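Just the one chain here, the form predicted on its own, laid out as C-alpha cells.
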Amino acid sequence: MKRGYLVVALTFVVLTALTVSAVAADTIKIGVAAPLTGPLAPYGEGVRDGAILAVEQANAKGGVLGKQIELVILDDQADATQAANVVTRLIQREKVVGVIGPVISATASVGGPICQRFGIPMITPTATAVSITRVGDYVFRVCFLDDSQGSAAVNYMYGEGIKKAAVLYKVGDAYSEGLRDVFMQKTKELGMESIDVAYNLGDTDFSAQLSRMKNFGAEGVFCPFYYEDAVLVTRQAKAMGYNPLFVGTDGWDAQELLDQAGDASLGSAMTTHFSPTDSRPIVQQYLADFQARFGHFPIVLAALGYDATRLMIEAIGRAGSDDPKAIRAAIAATEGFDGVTGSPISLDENGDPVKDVTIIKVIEKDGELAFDFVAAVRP
C-alpha cells in the first residue's frame, strides 16, 4: 500500500515537472539588468518601464514566434559586482535569450563581456562609453555615442548659418574634453572658424572665457557640460550683453536649467535622445501609451528602454528562432528600425546605432519656459 502511494506521488511530481516545463517552453524570456534601488534607481526604473510597455504591447499582439514574451527584471544596484551576478543569473538560471541593459557604462562594461562569453545578445539602452560594444559581436546599444551628438551639434550650428564658433569645455572631464575634440575636428571639416576655451572644475566665474569668445566673434558656443554650469554660463553671458547661440548636450535638458537660468536660457539649443514635442506619430503614440500604463510622463531613459526592447523583440521575429545565435545575427542586420529615439535606426559594424540626433530648444510658451523639438539631425 505504501509503495502504491509512493508510485502515485512520484508520478504526480513527474507530471507536475513536465507541466511546468511545458509552460516555460511556451514563453520566450528576455532579461533586464537595471538599478532599481540606490541613487540611480530612477534611471533603472525608466528603462524597466519602457521594457515592460514594449513587452506588454507585443504580447497583446500575440507575442513573437507564437509565444508570449516573459520579462525577467533584476536589480543590479548600479554596482559592477552586482551587475556581474545579475547578468550571469539571467543567462544561467533564468535562461533568457537576450539581455536589455545594463544601464550605465560602468555596469554595461561588466555585463557585455559576460554576454559575449555565453553567446547571449545584449542591447544596452543607455550606456555611451565607446568601449562597451567593442568587446564582441553580441553586444549592441540604441543610444547615440558622445561623438555623434558632438557632430550633430556642429551640423546644426552650420545649418543655422554660423561661420564662427567656440567650444567651452571643462578641463579634466573626459566627457567634455572628448566632445571638444569632436567639435574642433568637425568645424575644421566644414570650413568653420573655431576656438576652444577651457575652464576648470569648480569655476563659477566665466567672464574671462565669455569675453574671449565674444572678442573672437563666436556666433555659436558649443557647451559639452551639464546644466549646473550651463545656468552660470547663460546668466553671465546675458549680463554682459553676449547673446550667441548656445548649443548644449544631453546634460542640459533638465527642468533645473529653465528654473535657475530663467530667460538667460531662452533660445539655447541642445542635443538629446528624444523630444515629447516631436510630432512623429510613433513618438506621440508612445507618450499616450506610457502615460496610460504608468500614470506619469516618461523620462528619456524610458524611451531608450522601450526602443531597445522593441528592437530585441523585432529581431527575434526576423530571426524566426529563439536561438541566441540567430537573434544576434538579426540584431546586427537591423536596418530602417522606426524608433521613438530616432528613425530610421541601423546598426553599424560595432553594434552602435546610426540614427538622427534630436535637437531641442528653449522657448517661451504660455508664459512659461519649455523645451521644444527643433530638428532631427544626422551626425
Partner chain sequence: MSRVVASLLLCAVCILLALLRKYRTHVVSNPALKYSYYPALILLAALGINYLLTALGANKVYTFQQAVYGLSLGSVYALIALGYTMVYGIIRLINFAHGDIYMVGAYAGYYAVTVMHLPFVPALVIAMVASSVLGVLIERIAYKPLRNSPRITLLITAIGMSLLLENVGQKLFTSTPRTYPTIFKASYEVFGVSVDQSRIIIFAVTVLLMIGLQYFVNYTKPGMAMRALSQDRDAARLMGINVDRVISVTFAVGSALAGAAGILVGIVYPQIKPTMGIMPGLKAFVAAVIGGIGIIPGAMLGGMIIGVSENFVTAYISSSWRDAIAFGLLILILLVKPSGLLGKSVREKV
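Since the model is a prediction, treat every value here as computed from it, not as a measurement. Positions refer to the first chain, counted from 1.
Heads up, the form predicted in complex with its partner chain isn't pictured, but that's what we're talking about next.
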* **Option touching its partner chain, based on a heavy atom within 4.5 Å in the predicted complex, out of 181, 289, 137, 203** => 203
* Select from the listed residues 193, 94, 173, 228 the one whose heavy atoms reach within 4.5 Å of its partner chain in the predicted complex. => 228
* Report yes if any heavy atom of residue 209 sits within 4.5 Å of a heavy atom of its partner chain in the predicted complex; otherwise report no. => yes
* Asked: Do residue 198 and its partner chain share at least one heavy atom pair within 4.5 Å in the predicted complex?
  -> yes
* Check whether residue 235 has any heavy atom within 4.5 Å of a heavy atom of its partner chain in the predicted complex, and answer yes or no. => yes
* To do: Consider residue 240 of the chain shown here, and say whether it contacts its partner chain in the predicted complex, taking contact as heavy atoms within 4.5 Å.
  => yes
* Counting only heavy atoms and a 4.5 Å cutoff, which of 211 to 219, 299 to 307, 155 to 163, 277 to 285 contacts its partner chain in the predicted complex? -> 211 to 219
